[in-house]
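Okay, so we've got a single protein chain in two different forms coming up as structure tokens, structure 1 first and structure 2 after it.
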Structure 1
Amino acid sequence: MEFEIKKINECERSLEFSIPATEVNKKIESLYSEYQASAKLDGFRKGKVPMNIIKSKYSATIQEEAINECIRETYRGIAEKEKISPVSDIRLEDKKFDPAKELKVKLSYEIMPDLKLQHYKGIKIKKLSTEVTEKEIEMVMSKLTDSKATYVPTAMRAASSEDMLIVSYDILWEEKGVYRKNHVSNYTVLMDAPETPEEIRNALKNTVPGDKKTVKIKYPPDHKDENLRDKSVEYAFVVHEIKEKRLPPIDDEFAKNIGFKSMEELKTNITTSIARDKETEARSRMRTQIINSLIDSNPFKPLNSLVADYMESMLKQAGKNIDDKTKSQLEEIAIWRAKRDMILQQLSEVEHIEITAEELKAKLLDTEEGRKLGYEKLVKDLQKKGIFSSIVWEFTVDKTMNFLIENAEISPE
């Protein structure tokens, strides 16, 4: 059997071969016998349908099946002999069958190119500061106290921008040329809540119980509540009560109320949490800088199949209605991700970076599911879902990135 492997570019290869017609015809005949043995047709017992009827009914299907089977078998043989390890699906570009002569086939596939990566050690990157400032701690503390705020009724005074108002209101809107009205009583308006529309906040500010205010709001076409989109709505408020916001004192008692022993422990916890977030952010930025630097210093064409896979999954997430600009942006991201994957895979091979069994066990047991199911059950579960290898790949990527960061020249940003 003759075959020829042609190099189209760094990644793409085409494989052409021919199979003698006798081999294909033999396969066709054996398939006819298989079909005859199992064919069920009205007027005949199973396995008793005459061969001529089988041939006239199934010849096209059987020929197609025989040709595909021959192609698969021949490709397997060549791939084993030539040690072809494609990274994409094998595409059938062309096939021509002459029953008197031969079957000519042309396949194409992609292989991982040798990127010959350079300059991956000593990459100059900048690291964000992970130092936690007093101001950041104070911001978290203020959010915490805000969430534990209480509201108490006040004496007669005008509403301020931090109060809670108890109101009733009539709501009036137009729908298909008809005006509709609705009444809501004892409704709570938080003056400092971001979800309270600014028009309502401005109108209700400086009101006192018994005051009446009317507000007209024209909602934008992209408003998050689809019932209000692009509608003009009129609200007629009556203020019943004003409640003042009281923040709890920041002391040990407050810390105990939210599950800490003392104020000091709460502050330490907040500091650690902010530091951890900042470290994650800093590492993520360093990873991006490293990948960008590697892409710049090692120009290469990414695998089409990989880019297509990323594009497909992103388009699925983005939905149907996306414009050309967004599409081209997504394509850039897909190319970047494909290049990143190829670089990391090649690097892990060059530097022999692999996840050991102990590391894998430790990492899996560190996850929430690992703690719940245990190592062996989790592995079986992941294998059943078909995502085990991709999780191992993610861990390998992490390890490779850590290797690159350890070997980089880091300066503060």
Structure 2
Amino acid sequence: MEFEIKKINECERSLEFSIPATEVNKKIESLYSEYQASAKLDGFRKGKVPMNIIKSKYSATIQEEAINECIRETYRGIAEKEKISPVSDIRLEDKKFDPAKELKVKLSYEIMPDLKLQHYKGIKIKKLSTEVTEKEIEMVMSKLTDSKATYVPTAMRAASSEDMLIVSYDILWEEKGVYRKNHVSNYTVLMDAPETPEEIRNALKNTVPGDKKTVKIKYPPDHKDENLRDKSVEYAFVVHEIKEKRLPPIDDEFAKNIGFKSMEELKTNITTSIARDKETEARSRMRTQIINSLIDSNPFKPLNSLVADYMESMLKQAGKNIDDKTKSQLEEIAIWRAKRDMILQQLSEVEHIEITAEELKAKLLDTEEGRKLGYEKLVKDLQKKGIFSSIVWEFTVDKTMNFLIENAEISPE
């Protein structure tokens, strides 16, 4: 048997080999005997169907099956001999069978390349400040008090940007050439709510009860409400009532109402939470800087199969109606992610970075599922779902990234 392995690039390989026709024909004859022994056809007992009928009825199927079996067996032998370790599915590129001569086969596959990574220690990166400012604490406090706001009827005055308005409105929109009209009564409009369109806020500001306002809005194609996407809508508002926002006093009583013993404890909790979020953001940005640096200093072509997996996942999330520009951007992201994964896998091997049993147990028990199920039950559950190995890999990635950050040159951003 002759075979040849060709290097296409760092990742791709092609394998060409030929199998003597005598071996394929021997396999075909063996399959004919198997089919005859198990065939059930009307008018014949099992195993008693004449061979000429078997050949007439199943020849094409048997030949194809014999060829595929020969290909699989031959590939396994070559892979074992040459220590081929593909990281993608084996693809059959071509096969030609001459019953009088040979079966010629061409396969292709991908392997994990030896990237010979350089410059992965001492990478210069910048870290965002994780210091918590009074302004940041005040912003969180403002959101908390805002969530506990009450609204009270106000004396006759014009609506402000923080009021609640009780309105009725008629909505008119065009759908497939037909204008549809709907009436909504006693609708609440929060003037400072992010979801209230700016056009509506501007139109209703400075109105008084009894005022009527018409607003036209052209909604974008990606609007969160599918019913409004890419539609021109006209609203005819009637203002009925204006209510003024009243914020609760920021004191120990307020803190107790939301589950804390005092304002001091609430502020400590807010400070800790902000610091934790800022540290997470800072480390995320450092990770990105490191990966970008490694990609720039170690150019290579990523695995097509890995890029394709990421593209498939992102296209599924993006939906069918995406333009070529968006698709091109997604492809760039897929390539970046594939390179990142390959770099981290190779680094974890070079530096012998792996999750120990103790580390794995501690990390799993630190999750909500771990605290609820316990370690052994959670592991069995993850294995049953087929995601245990991917969870272990995620932990390995985190440990590898921590290694890179610990060995980086960090300066303040």
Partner chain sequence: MRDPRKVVILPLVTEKALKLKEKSNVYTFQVDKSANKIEIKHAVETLFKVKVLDVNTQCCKGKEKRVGRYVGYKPAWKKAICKLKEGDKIEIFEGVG
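If you superpose the two forms and keep the largest set of C-alpha atoms that fall within 1.5 Å, you have the rigid core. All of these numbers come straight from a predicted model, not from anything done at the bench. Quick note, the numbers are simply positions in structure 1, starting from 1.
Note: the form predicted together with the partner chain is the first of the two, structure 1.
Residue 224 is among the residues whose C-alpha shifts by 2 Å or more between the two structures once the rigid core is aligned. Comparing the forms between the two structures on their rigid core, the Cα displacement of residue 114 stays under 2 Å. After superposition on the rigid core, the Cα of residue 209 moves by 2 Å or more between the two structures. Shown is the Cα shift of residue 244 between the two structures after rigid core superposition, which amounts to 3.1 Å. Here the two forms are laid over each other by their core, and the C-alpha of residue 235 is off by 6.1 Å between the two structures.
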